[in-house]
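Only one chain is shown below, in structure tokens, and it's the form predicted on its own.
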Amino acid sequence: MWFVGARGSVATTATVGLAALAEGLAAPVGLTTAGPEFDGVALPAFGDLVVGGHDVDDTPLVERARRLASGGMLPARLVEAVAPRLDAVDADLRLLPRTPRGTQRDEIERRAADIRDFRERHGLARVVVIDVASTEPLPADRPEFHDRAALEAVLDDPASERLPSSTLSAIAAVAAAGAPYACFTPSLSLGIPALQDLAAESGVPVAGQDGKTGETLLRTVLAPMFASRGMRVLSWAGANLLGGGDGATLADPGAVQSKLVSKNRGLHDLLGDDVVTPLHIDNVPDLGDLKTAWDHVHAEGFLDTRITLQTTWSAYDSTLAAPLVIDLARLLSLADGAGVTGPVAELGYFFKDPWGSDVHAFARQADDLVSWALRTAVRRSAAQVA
């Protein structure tokens, strides 16, 4: 597992959790792939997963984990128990500079070289790259985003910084390092029309976008209920309160816009574009990494009667996300071993804005995921025999 944003809250929590699972110090609670539906699927064991990654911060990983523990997210005893493993992971984390280094193609190659070196030094069958870095502001659309030749020319221009860091990391993983890739953030990443076919051309599976962990997960469970029962939803309002690094990042109007779009897209697809969906995200520093989401649903029932539903969801978002990125690493490894290429629609189960799929209803996504995993396991076994 190669994390983009390896010292952030999600990656740190996943790394601590993976170490605890490998040591037998924690149960795989919250991991979809640990459920009985996946008993017949040959997935990498927790102890077989090695962690590396990129980050702009050089804080030692164990120190990041201790800070999360002091904020109540992680058990301090568990952090100390796996501290030697965290120190070992630190040796495989590479620093990304905050200022450009040459052309953007040079930067792509440097990032890809780090991934290839990690794979070779550890003798790994494959590396799955997962972007869990802070949300970026979405860049303005440009002509070269729609023309591969023009985009390639921009990459070689030392005066150009047209592509955001998430896209450079995605190209480095998929095209330059030949690594399966998942985008767990709403950042641009591979969301450029000119890069639409990059994963298929490179022969690797990819999945995204923007992890579905809390409020949106609940929405995609409840919205199909209203639709199935013929109750017309008039409005679905939401408010999110959070602090920590995510709260500070999303206080930026540019960064929060992409998040708001991805959070509401599923509701409109499930209920129609005429549903009013006001939503805002507020940075409340004293909450730290504990996120609270309130939703208010107003629907119309039989004989023009009013139906109201109010929900409150409160959890550490990083401990919801961490098992999902471990699941994604295991499932993308399965896909890669079976020769699957391009966006894996069935992995949309994990995302607010799934690549290759317009399915948002959670129950259907769950069924599709299990069926796909069982089919892909058979396909992989056949490929190994051949």
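Residue indices: 1-based, along the sequence shown. Remember, predicted model here, so these are calculated numbers, not experimental data.
One more form of this protein exists, namely the form predicted in complex with another copy of the chain; it is left out here, but the text below deals with it.
> Identify which of P97, G230, G123, P84 has a heavy atom within 4.5 Å of another copy of the chain in the predicted complex; exactly one of them does.
Comparing distances to another copy of the chain in the predicted complex, the residue within 4.5 Å is G230.
> Taking 4.5 Å between heavy atoms as the contact cutoff, choose which of T185, T213, S166, Q104 touches another copy of the chain in the predicted complex.
Looking at T185, T213, S166, Q104 one by one, just T213 meets the 4.5 Å heavy-atom criterion.
> May I ask whether G47, D57 and S381 all come within 4.5 angstroms of another copy of the chain in the predicted complex, judged by heavy atoms?
So, no: the whole triplet misses another copy of the chain.
> Within 4.5 Å of another copy of the chain in the predicted complex, counting heavy atoms only, one of 60-68, 47-55, 335-343, 322-330 shows up; tell me which.
Contact-bearing stretch, as computed: 322-330.
> Give a yes or no for H298: in the predicted complex, does one of its heavy atoms lie within 4.5 Å of a heavy atom belonging to another copy of the chain?
Contact with another copy of the chain, yes.
> Though only this chain appears here, would Q196 touch another copy of the chain in the predicted complex if you measure heavy atom gaps against 4.5 Å?
No, no contact at 4.5 Å.
> Flag R148 as yes or no: does it have a non-hydrogen atom within 4.5 angstroms of any non-hydrogen atom of another copy of the chain in the predicted complex?
Judged by the heavy-atom cut-off of 4.5 Å, R148 is well away from another copy of the chain in the predicted complex.
> Is it the case that D141, even though its partner is missing from this view, gets within 4.5 Å of another copy of the chain in the predicted complex, heavy atoms only?
Although another copy of the chain is absent here, D141 would stay clear of it in the predicted complex, with no heavy atoms inside 4.5 Å.
> Using the arrangement in the predicted complex, list in sequence order the residues of 205-222 with any heavy atom within 4.5 angstroms of another copy of the chain.
Stretch hits, in order: K212, T213, L217, L218, V221, L222.
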